[in-house]
Ligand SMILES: Nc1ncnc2c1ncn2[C@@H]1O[C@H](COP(=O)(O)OP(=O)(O)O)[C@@H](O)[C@H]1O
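Taking the form predicted on its own, here's one chain by itself in structure tokens.
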Amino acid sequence: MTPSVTSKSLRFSFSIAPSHSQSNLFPIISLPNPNFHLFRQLPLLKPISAVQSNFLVPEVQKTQTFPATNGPNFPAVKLPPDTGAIVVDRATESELKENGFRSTRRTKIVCTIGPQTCGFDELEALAIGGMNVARINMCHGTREWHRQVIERVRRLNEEKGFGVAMMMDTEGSEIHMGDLGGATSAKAEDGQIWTFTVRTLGLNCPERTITVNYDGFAEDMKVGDELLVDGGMVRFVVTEKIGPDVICYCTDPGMLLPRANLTFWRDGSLVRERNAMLPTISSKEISFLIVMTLRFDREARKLDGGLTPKETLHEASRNLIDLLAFDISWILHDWLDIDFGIAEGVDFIAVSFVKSAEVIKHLKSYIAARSPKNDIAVIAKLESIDSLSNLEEIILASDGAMVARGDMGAQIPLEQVPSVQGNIVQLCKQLNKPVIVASQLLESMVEYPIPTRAEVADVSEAVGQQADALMLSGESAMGHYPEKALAVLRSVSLRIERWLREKRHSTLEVPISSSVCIGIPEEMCNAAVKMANKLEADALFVYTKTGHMASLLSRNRPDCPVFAFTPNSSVRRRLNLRWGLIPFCLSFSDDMESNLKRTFSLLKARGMINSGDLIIVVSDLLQSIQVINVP
């Protein structure tokens, strides 16, 4: 990209073309010659007053401010149906004002919500502390409990001015323990004898007895097998089998939590055959699946007389067979949870134990048919050894990935987990998919107020790999110090990100996988990030209706933050998972000059930008890049 001075003013013209040194893996693409303009001054609209809320509206259209229900700092404001407002997360705004452009946190944080954090006040504390995405795990709690959490998060956004996205995690195919007879936890001590059973015990569970959700459990286990709880946090050895009961000896003590997952090892190897021995399908379950599949076909095809009832049933049966072949283990109990998530309008659905891309494709088709207007992103949880052999196909089919290291570490040798994590993070960046590093980041903080130094180093490694997000599981769901755990992730992320920028260690352009088509948007965003880094711009602005251009900027991991403006509130929430993005909800027109005038006016009135700030502007409306000093 070679600049040439075309006039005495600060106006430059650039032409974009693929570098001759570019790899031959990619075809040479003929691109138009978009102009990049650098303006010293831009006329401003009349300044607009700021309302003390997350909204900024013209003075004449202010609405009544209602008293906050929790805390004086975040008043509730009703937004009028007006196109002049701009919406941004309050915690992000505070961080931006306090730390400046270049010191804002780029790595996003996902917090799992549980008994310790499900109240409105607790959720607000997490949002203030930097939670970008709230996660509910369908392995725990009832749907009514989860519905209440979703409603509280939605209320938090509406009343307190936050922009927290909602993620629902399906149960998946894992074999797991029961509810411990209603207890919140149980301690397994070294040398104790415990009984694992497939009997239904309910609340009358004998001491040191754990129910298992897999009917073939006792048949599959052999004396001498090792039983790992929650990826190895507690370990047992099978000593005896008595009918439906398996008697075990605790060799590695630890805390047992309700519905923790179980894996089996025999002679030092994972027993994978259990996946083919999961409970058989009852006639009731088959009927349920046929109804679900028929409904899918009816809504997706909009029959219109195109198929006879017999042909429809044939198609439904064929689809049902396909579905059963792909992953029966999660279809049986997860479809109802998926329907629940669609009905509640969650932003992300994380699918557990994904083994093939077909599972993701079926789910996305189902979501599109069930709720065409509800664009829910599908996250593939990579936690089984089978997923590693289909990694690129799974990530390409999904809208993002989660490195679930706990379950993965129970299926592959421990020493391979770091390299697998690094490979997945790098591949997701190449394929432009957000990636979450999860499981046991700060496990000790479930019980203790400070993490181990090794855990801090682990978090630092994930931030150094520039993963899009880090996730708290038990630390925020049932730990004693959820806010402190969140603070640790936030402070470590800030420090490591700053160190990377100081060392100029960040990658200016991520290599694109051969599976991805390179087009004009990719070239534009690559060029914009290079320019922003070279010119030490204060921020990148992107105007996007779908979020795609914003994701391409994020993928290049620029030194400065990216202000992503979108008129769609659901797109704004989904962008919360992207590295370095500060999503705003703002309506805009096709007139970029008018958009910039209004944006500058709104943000200056808010105190979020200042005159003289250098801004690089791109949009999916025009094939151009503008370099502008804020007037």
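In this text the structure is predicted, and so the values were computed from the model without any measurement. Numbering starts at 1 and follows the sequence shown.
One more form of this protein should be noted, the form predicted in complex with the ligand, which is absent from this view; the next part is about it.
Note on contacts: among 337, 230, 455, 124, the single residue with a heavy atom within 4.5 Å of the ligand in the predicted complex is 230. For the options 115, 418, 519, 224, the one in contact with the ligand in the predicted complex, meaning a heavy atom within 4.5 Å, is 115. Proximity of residue 526 to the ligand in the predicted complex: non-hydrogen atoms within 4.5 Å are absent; the residue sits far from the partner. Among heavy atoms of residue 464, none comes within 4.5 Å of the ligand in the predicted complex. When contacts are judged by a 4.5 Å heavy atom cut-off, residue 477 counts as touching the ligand in the predicted complex. In the predicted complex, the ligand sits within 4.5 Å of a heavy atom belonging to residue 141.
In short, of 481 to 489, 144 to 152, 360 to 368, 420 to 428 it is 144 to 152 that has heavy atoms within 4.5 Å of the ligand in the predicted complex. Shown here without the ligand, the chain has only 135 in 119 to 136 lying with a heavy atom within 4.5 Å of that partner in the predicted complex.
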